[in-house]
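Okay, here we've got a single chain as structure tokens, the form predicted on its own, with questions on binding and movement later.
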Amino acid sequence: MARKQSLAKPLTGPDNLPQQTLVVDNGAHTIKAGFSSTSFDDSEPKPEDCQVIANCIARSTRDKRTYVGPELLDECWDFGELAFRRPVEKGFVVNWEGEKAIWERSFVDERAKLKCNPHETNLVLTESPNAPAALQRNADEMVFEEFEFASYYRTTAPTLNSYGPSPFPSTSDSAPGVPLGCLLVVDVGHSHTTITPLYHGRPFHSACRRLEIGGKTLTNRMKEVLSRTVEVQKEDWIVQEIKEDVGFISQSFSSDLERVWKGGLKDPREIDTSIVVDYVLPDYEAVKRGFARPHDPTISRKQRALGLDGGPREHIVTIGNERFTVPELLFTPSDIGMQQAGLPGTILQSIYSLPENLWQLFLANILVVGGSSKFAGFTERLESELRSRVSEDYIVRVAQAKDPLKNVWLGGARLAQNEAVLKEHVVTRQEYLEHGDLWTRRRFAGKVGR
């Protein structure tokens, strides 16, 4: 990207930042974005202030349309057989041309709900921990040279969680711009899961750990097992909805597996219908979105699909052990041949890499965020497994954010309310053009000051 020589607007200095700040949590599956203001007089940021935008370009084989970013959720009515092109892979932006098109439609286009003038807007942008320098440079160039934001703060997503509301009842919320003292952030995202220990908002980079399982892996696994009874290999969106609607984390995996086992000729058993459900697939005519209902063994799937049993025509898939065996991969990746410890083991690897006198601090302050952590029973299972693996002398406390999907954005919005703190963190476009991209990366890493 060639640096632009002509400037459309006077450059903003660090002492006169714009009042408006755009906070963007640039996730692999969705972008969580919204405005905040550098003023303590504003009300506390709320999840309703945050827009969720599909971070993809989708092509429909049915209506032959291409949907860019927010158009997918706002304008698409048939999510069957969508082909996705995602600019974020494995947690990192690898296709800035595609990301640029999504940002332009989301923040610059006349139809955008979050339309802004970049010259009069600060930007807070998230990235994955330990991002390669080349990808950080691409992000800085895009922000300052293509969009020309007035100022910009690039930080890791886990860091902003420490500025969000406290998830623990015994800990009061800090003031805007003031991070929580000690926090171990478990972010179960779309591409992967990261574990990041934070002390007053600063990560211990050497203790950061990454588990290569996230929502995408679980969706692909769900497609694989469901395709044994119904063809859903091309239905990414529908299978993702199935996973979100009926998936849960088992508290006793072997016991639940026994309850849904049909048995054989010499060992007949009744299936526990409290676990097995019938999922009605959408046809985007009569049924706009799929839904689950209690399993009815008297219904013939083929007859119901043809409308031969007197009921409405419905495409049904019966889901049993898939409800909990797929999310179980977060705890036992070896089920699909991955040579990694599960989530509890990865968390303990992170904690044990720190000095021993810090172990108790982080075991008692574990925060769970991310869209793939919203399975029922997730927090209880994680706390139970951690409790069984550490000494009884330690207190183990695991809490989930009130809104796991938007908690990063809430933290960024609260940080942006404190103008003094925002000034300490941002790099202005004037400074970027004067000092260059290397100085900018060192500034965000905390290695140089003004």
Partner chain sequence: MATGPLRFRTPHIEELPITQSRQAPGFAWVAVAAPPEDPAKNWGTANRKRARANVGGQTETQKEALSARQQREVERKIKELNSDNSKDVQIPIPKKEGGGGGAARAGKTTNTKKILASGKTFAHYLDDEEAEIARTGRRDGEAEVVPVAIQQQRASKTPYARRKAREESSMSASPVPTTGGSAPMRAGDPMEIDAGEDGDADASMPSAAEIETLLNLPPLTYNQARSAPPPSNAPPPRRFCEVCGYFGRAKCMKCGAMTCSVMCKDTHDEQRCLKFYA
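Predicted model only: the values in this text are computed from it and were never measured. Numbering follows the first chain given and starts at 1.
Omitted from view is the form predicted in complex with the partner chain, to which the following refers.
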- Non-hydrogen atom within 4.5 angstroms of the partner chain in the model of the complex for each of Leu125, Thr379 and Val390: no
- Message: Using a 4.5 Å heavy atom cut-off, which of 270 to 278, 368 to 376, 289 to 297, 86 to 94 contacts the partner chain in the model of the complex?
- Response: 86 to 94
- With the partner chain left out of view, which of Ile249, Cys208, Cys116, Leu72 would have a heavy atom within 4.5 Å of it in the model of the complex? Cys208
- Message: My question is simply whether Pro327 lines the interface with the partner chain in the model of the complex - judged by any non-hydrogen atom within 4.5 Å.
- Response: no
- Message: Check Ile57 for me: does it contact the partner chain in the model of the complex (non-hydrogen atoms, 4.5 angstroms)?
- Response: yes
- Message: in the model of the complex, does Thr159 come within 4.5 Å of the partner chain, counting heavy atoms only?
- Response: no
- Item | the partner chain contact in the model of the complex: Pro132, any heavy atom under 4.5 Å | yes
- Item | Partner contacts in the model of the complex for 126 to 165 (non-hydrogen atom within 4.5 angstroms of the partner chain) | Asn130, Ala131, Pro132, Ala133, Ala134, Leu135, Arg137, Asn138, Glu141, Met142, Glu145, Glu146, Glu148
